[in-house]
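Next comes just one chain, in structure tokens: the form predicted on its own.
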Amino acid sequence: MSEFESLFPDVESVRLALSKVGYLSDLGLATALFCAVRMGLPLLLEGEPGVGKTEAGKALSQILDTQLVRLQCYEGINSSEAVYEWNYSRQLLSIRLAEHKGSNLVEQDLFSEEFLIERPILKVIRHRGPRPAVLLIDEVDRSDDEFEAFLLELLGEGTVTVPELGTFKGEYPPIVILTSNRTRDLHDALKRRCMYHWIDYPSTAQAVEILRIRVKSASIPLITQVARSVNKIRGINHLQKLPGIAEAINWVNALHLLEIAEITDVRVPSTLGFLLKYREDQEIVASEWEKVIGN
């Protein structure tokens, strides 16, 4: 029996382990994470911003008690920025020092381990264990087609090449979690290499449990009112950005700090900046505030 088999014999053991580190998972997500770990397959998590995709990757590394390496994608990211780079300032200093001493430097001296800077992908490929690292490729939908093509090679072969040093193959292949806010469609070729799971907004009951765990000092009545109100706000038409669970947590923290015990308190509308990030959204919600706080 492998270590992962004994650590996570079934899906329910994953759910319990996640709950112990403060992440409440439904059966679908727990199943996806269980299979990703046990089968060694990359997992693509999609969903609206703020539903807990990134936190799922972080929680997984916690329950596995292994290193989390996060690669934040952005427009224009390329493979060299994700894999490695050379410490040019140290190389230049070494050249000047060699000139001062009258010694000669060859190319191999400058492009050696001494001057190599590991970026996330090379770091997880060269991870020394004892368990695989978790590679969190965050917001992959913000990258471009060229970077997606690079990821295909990484996910397919599990190797990385540094031309000056050779090809590295991981002794402990990483557990790869990709997240996407679905701002654009990813290529089918990338999706074929991954398991897929959509994370939806939590129900009111689920949100209450999450908020209760994450904001222990707040009262249950306040948490319940916030969870119910946030779900109502998500049902309002024409909002530019629906509030996620991360915004709900911040809102509860702010209300608790301000010693607001009821969502009907007249001060509550002034705190909507914790929940809604566009002025137009705040105006729309304010115009329907009575419906939001009503039963």
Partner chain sequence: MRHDVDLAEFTERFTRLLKISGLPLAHERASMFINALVTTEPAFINELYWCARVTLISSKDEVEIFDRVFSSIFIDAGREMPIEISDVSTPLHRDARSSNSVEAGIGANNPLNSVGTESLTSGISEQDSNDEFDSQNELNVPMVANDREVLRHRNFAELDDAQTKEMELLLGPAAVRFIARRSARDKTSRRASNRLDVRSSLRSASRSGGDLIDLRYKTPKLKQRSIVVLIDISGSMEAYVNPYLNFVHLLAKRCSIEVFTFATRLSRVTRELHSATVERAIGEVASLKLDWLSGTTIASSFEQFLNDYGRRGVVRGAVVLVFSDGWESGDPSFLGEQMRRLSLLAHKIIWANPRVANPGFIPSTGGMKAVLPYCDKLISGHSMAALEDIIREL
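Predicted model only: the values in this text are computed from it and were never measured. Numbering follows the first chain given and starts at 1.
In what follows, reference is made to the form predicted together with its partner chain, a form of this protein that is not presented.
Visitor: Does its partner chain, in the predicted bound form, lie within 4.5 angstroms of each residue among Asn253, Phe274 and Tyr278, using heavy atoms as the measure?
Guide: Not one of the three qualifies.
Visitor: Please check if Leu16 has a heavy atom lying within 4.5 Å of any heavy atom of its partner chain in the predicted bound form.
Guide: Leu16: yes, in contact with its partner chain in the predicted bound form.
Visitor: Tell me, yes or no, whether Glu164 is in contact with its partner chain in the predicted bound form, where a contact means a heavy atom of each within 4.5 Å.
Guide: Output for Glu164 is no: heavy atoms all beyond 4.5 Å of its partner chain.
Visitor: Does any part of Glu209 reach within 4.5 Å of its partner chain in the predicted bound form? Heavy atoms only, please.
Guide: Output for Glu209 is yes: heavy atoms within 4.5 Å of its partner chain.
Visitor: Quick one: does Ala32 come within 4.5 Å of its partner chain in the predicted bound form, counting heavy atoms only?
Guide: Answer yes; at least one heavy atom of Ala32 falls within 4.5 Å of its partner chain in the predicted bound form.
Visitor: Which of Asp200, Asp145, Glu157, Glu171 has a heavy atom within 4.5 Å of its partner chain in the predicted bound form?
Guide: Of the candidates Asp200, Asp145, Glu157, Glu171, Asp200 is the one lying within 4.5 Å of its partner chain in the predicted bound form.
Visitor: Exactly one of Thr224, Asn181, Gln91, Ser79 has a non-hydrogen atom within 4.5 Å of its partner chain in the predicted bound form; which residue is it?
Guide: If I apply the 4.5 Å criterion carefully, the residue I get is Thr224.
Visitor: Picking from 254-262, 52-60, 32-40, 66-74, which part of the chain touches its partner chain in the predicted bound form when contact means heavy atoms within 4.5 Å?
Guide: One stretch meets the cut-off, namely 32-40.
Visitor: Going through 219-233 from first to last, which residues have a non-hydrogen atom within 4.5 Å of its partner chain in the predicted bound form?
Guide: Residues within 4.5 Å: Ile220, Thr224, Arg228, Asn231.
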